[in-house]
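Given next, in structure tokens, is a single chain: the form predicted on its own.
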């Protein structure tokens, strides 16, 4: 198959959100967001912004016609901060004006006072305080406690993996306008049109069939435009619904990076036990997922981490526990791999630690423990595996032993 967009991409003819011809009377929105991570709003005065030349209206939580809620899996994410702010970048108001310049100037006229509250950014601290998005999840196979007593070697450690910005070329954004019979068409840079439709229907208090979500293509997503696209579509759709005018909001790159969630950072503990011949007999891992201030897709990402906790290895005795921890970061979200890399990283750290302590190459432990057909994963699925065949073929094709010898020789020189 050929990519049907290749020629239009090359010639610059592909239409993205900012390429859509705007209708006469289109208004432009800009979000006013929290400057701190956690606090109680004591004063919000938008009067000066509303009287700024070119401004049509400033929306806040009190203007939401339906429900001030865009959470998908867990309804814990307000569209607008009402009495409290839960992360730096949380929308507090939405300024709609005749031009984008007027809207951006007007948000500087908004007067806000926030009483700061304690901030949690460490998922371990959140877990200790009981700040969890959902109850913890656990996968168990065999008996790891009993198996460790039979291991010749046992090693424990900690592994941290940080967040990651999606950095899609096209930033988040939406363009909405009224249709016949009270309907609204929503052009959204989203990977999840149904999620946008559902969230906007909840905010507007209208049936889903009154909202038409149009997505031809997006300039990158990588998971960052699944539930994260809901906010901007809902803001524009609400403004179009209440003003009966087209409304557009295309985020500035710095806004996007400040206000949207990333790949989930994790802090994890591991314990690995091996036999004398380097077979992994037991493994325990505890994952502390930094979900941010709201659930977004964190519960599903957490489960995927557990599914990948032993990577491509067979370990007969495993106990893996995962906590989705609520902190005061922007709600973190899907990213390529969707929790899998965070789980695989920890088992590889455990193997690397064992190899270092034992003075053997890590690949020696990896190769001896590759999962075979008929082995069972920690979640109960029976494997159909070609891992060993792939490994052996790669050794032949890429002359792995020669490459390792060259690396060792190079590293031995000053």
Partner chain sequence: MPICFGISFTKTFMNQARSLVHVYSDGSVNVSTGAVEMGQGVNTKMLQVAAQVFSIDASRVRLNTTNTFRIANTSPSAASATADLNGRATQIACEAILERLKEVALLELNLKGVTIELKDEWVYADGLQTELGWKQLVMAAFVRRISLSEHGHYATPEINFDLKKEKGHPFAYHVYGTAIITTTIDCLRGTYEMDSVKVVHDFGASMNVAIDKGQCEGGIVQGIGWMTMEEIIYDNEGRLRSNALSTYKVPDVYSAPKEIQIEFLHTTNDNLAIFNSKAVGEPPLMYGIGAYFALRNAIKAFNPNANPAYSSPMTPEKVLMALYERK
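Quantities reported herein were computed from a predicted structural model and do not represent experimental measurements. Residue numbers count along the first chain shown, from 1.
Not pictured, yet referred to below: the form predicted together with its partner chain.
- Note that among 275-283, 202-210, 99-107, 235-243, the stretch whose heavy atoms approach its partner chain to within 4.5 Å in the predicted bound form is 202-210.
- Residue in contact with its partner chain in the predicted bound form (any heavy atom within 4.5 Å), chosen from 74, 128, 215, 132: 215.
- None of 152, 121, 321, 143 but one reaches within 4.5 angstroms of its partner chain in the predicted bound form through a heavy atom, and that residue is 121.
- With a 4.5 Å cutoff on heavy atoms, residue 307 counts as touching its partner chain in the predicted bound form.
- Its partner chain in the predicted bound form is approached by residue 390, whose closest heavy atom lies within 4.5 angstroms of it.
- For residue 88, a non-hydrogen atom is located within 4.5 Å of its partner chain in the predicted bound form, even though that partner is not displayed.
- In the predicted bound form, its partner chain lies within 4.5 Å of some heavy atom of residue 400.
- Residues of 341-357 placing a heavy atom within 4.5 Å of its partner chain in the predicted bound form, in sequence order: 341, 342, 344, 345, 348, 349, 352, 353, 356.
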